[in-house]
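Only one chain is shown below, in structure tokens, and it's the form predicted on its own.
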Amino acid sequence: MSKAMISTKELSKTYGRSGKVIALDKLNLEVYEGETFGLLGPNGAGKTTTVRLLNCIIKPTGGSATVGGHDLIKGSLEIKSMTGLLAESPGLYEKLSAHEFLQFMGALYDVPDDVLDTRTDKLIRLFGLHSRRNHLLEGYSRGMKQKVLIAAALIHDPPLLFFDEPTSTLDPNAALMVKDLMKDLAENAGKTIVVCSHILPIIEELCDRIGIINRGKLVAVGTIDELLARTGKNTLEKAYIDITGGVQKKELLSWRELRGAKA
């Protein structure tokens, strides 16, 4: 068994003076070195909170965790230097060009100048942005901005990568390229990757194991085969729905006035 790259013990995050708003509830999880781990859950379940905690963007209100052997509180600077993050709602300096933004991000991580110049050029070409490398980001489409943000997560070549909905704004060709890139990073570069996505085929194809969070709690973890066996379902979609509580039947057209109906 590989060593744990991420290890959490009762990791929790609450909000409000009384702590009644529970975003993450006593998470116990291990993600192993070289593993691609998928994190699934309904909107608001705690996935993004987990990612933000493990990247030292917010502080926990309970429990503990280590990332790459570093304590989440005491080793926050070390953790930030060894992770690459594509956030769900990332910030982008739109008055910079793609080239300037990647140079800026690389400088923050102390990437040597000669390495940074070469890596910036290669990433810009990889994502098909070379012809617009000097254009301001404010003129980029959402999909083009997403490519720049993925490149920024890779610019310092970190051992641990977090991708929160990496293909959500990409066209099919770009999404396929990013998916293949993630495969190569795991299989040929030895990266540990955590993926949050609602696109189940991506999770099925890329991930060694999957964790499912619901209402702040980790309610299931295992391989796809293990989750199917646990639920008795034959697809990940059905297993996921079963684990997260099923689908409430609703009258989907109840909002619509029927023409010709009598008052």
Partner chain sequence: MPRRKWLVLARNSYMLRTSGFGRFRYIVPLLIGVPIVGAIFAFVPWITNFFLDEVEVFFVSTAAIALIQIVLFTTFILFLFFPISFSLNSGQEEYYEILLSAPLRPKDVILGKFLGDMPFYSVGVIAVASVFVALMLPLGLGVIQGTLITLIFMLTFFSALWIGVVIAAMIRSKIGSSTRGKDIGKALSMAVALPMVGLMYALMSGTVYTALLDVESSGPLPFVLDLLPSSWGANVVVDFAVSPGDASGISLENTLRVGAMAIFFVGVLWAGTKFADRAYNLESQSLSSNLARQEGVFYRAIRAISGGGAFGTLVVSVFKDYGRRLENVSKIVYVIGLVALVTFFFGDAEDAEGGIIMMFFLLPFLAGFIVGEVTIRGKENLFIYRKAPKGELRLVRARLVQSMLVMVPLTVVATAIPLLMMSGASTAAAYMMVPYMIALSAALVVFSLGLFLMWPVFSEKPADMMANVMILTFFMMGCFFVTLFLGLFGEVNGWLFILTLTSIAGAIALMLGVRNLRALE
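Residue numbers count along the first chain shown, from 1. None of these values were measured; they are calculated from a predicted model.
Beyond the structure shown, there is the form predicted in complex with the partner chain, which is absent from this document and is the topic of what follows.
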{"item": "Contact stretch among 97-105, 176-184, 117-125, 163-171 - heavy atom within 4.5 Å of the partner chain in the predicted complex", "value": "97-105"}
{"item": "Contact at Ser197, Thr223 and Ala229 by the partner chain in the predicted complex, all three, heavy atom at most 4.5 Å", "value": "no"}
{"item": "The partner chain contact in the predicted complex: Ser141, any heavy atom under 4.5 Å", "value": "no"}
{"item": "Contact of Pro90 with the partner chain in the predicted complex (heavy atom, 4.5 Å)", "value": "yes"}
{"item": "Exercise: Lys59 in contact with the partner chain in the predicted complex, heavy atom 4.5 Å", "value": "yes"}
{"item": "Proximity of Thr83 to the partner chain in the predicted complex, heavy atoms at 4.5 Å", "value": "yes"}
{"item": "The partner chain in the predicted complex - contacting residues of 179-196, heavy atom within 4.5 Å", "value": "none"}
